[in-house]
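A single chain comes next, written as structure tokens; it is the form predicted alone.
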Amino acid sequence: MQRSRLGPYAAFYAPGLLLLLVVGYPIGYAIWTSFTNLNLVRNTGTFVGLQNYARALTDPTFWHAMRVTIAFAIGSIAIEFAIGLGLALLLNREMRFRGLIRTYILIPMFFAPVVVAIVWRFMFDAEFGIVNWIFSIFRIPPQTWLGSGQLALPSLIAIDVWQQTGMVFVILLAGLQMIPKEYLEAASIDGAEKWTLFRTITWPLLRPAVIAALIYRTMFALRAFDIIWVTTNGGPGTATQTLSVYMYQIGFNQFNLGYANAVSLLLLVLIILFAAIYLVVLKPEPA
């Protein structure tokens, strides 16, 4: 009798437990190997404790990659959020061709990052790229966008903004559409100005969507790899060497999988830290 009662629950939870096992094993394996000196070629390694983490925290290359990663993430997310919020506020109103404009904004995010990287690499080409051609119309000299230590990272940020702003836009637009119009209409009748409406009603009620958009984009921006690797390989020099690129170089060029996994877990800690900051700073108003 008891077995028959447990049957439906077992059938219901089995897919979730199986998925948890499939996802949990690689994570557990990565955590374990981060405490070893596992070599990818020899496929052997011994337990070294916290040695990999100590090496990372005293490695200047690791801290350089950390700074580049944070600069890339903050730069791209700040621009994406500003543009995404502005577009969401604009297209939340009734206007002509609103649906068409929304569609065009979302199109870039459906392209594979590798495809986007290849196309933009040609567009940023110093000799034949369309970006320099457009600049030449305004008598601006050509630039080596992806070959310059000063311009490579801003160029990558521009690529990320082009592709990912649509995701921020759609999350914030969904948040705006969840706000009851009665609140805004009542405040407008009382004579509140647009900025007052945004500051006192729209922004507080939009905070959950803001947190979701920021955490989502931070998660992907901090571990961005495809666009960076295809366009610059982390160069010129180490100008665009993010933690993801650094991990790849350690794991697949130096074959030091244990140290690479330690760096990946430190990156996970960085992502969690950013998420915690968002939750503390942008804590939603109590209902």
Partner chain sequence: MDMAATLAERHPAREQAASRQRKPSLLLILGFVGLGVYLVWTALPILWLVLMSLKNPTQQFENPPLFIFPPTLDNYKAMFSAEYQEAAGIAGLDLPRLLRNSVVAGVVSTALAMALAIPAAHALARQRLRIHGWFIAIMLFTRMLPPLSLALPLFLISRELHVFDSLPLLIIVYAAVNLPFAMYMLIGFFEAVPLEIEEAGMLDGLSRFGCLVRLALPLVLPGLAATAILSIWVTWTDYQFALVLTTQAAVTMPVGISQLVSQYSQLWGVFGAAGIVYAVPVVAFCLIAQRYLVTGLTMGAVKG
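Positions refer to the first chain, counted from 1. Everything quoted here is computed from the prediction, not taken from an experiment.
Not on display, but discussed next: the form predicted in complex with the partner chain.
Within this chain, I134 lines the site of the partner chain in the model of the complex, having a heavy atom no more than 4.5 Å away. Shown alone here, G75 lies farther than 4.5 Å from the partner chain in the model of the complex, counting heavy atoms only. The partner chain in the model of the complex is approached by D226, whose closest heavy atom lies within 4.5 angstroms of it. Contact between N261 and the partner chain in the model of the complex is found at the 4.5 Å heavy atom cutoff. Screening L151, I201, L85, M123 for any heavy atom within 4.5 Å of the partner chain in the model of the complex leaves a single hit, M123.
Within 4.5 Å of the partner chain in the model of the complex, a heavy atom is found for all three of Y104, I271 and A275. Interface residues of 24-41, taken as those with a heavy atom within 4.5 Å of the partner chain in the model of the complex (partner not displayed): Y25, P26, I27, Y29, A30, T33, L38, L40, in sequence order.
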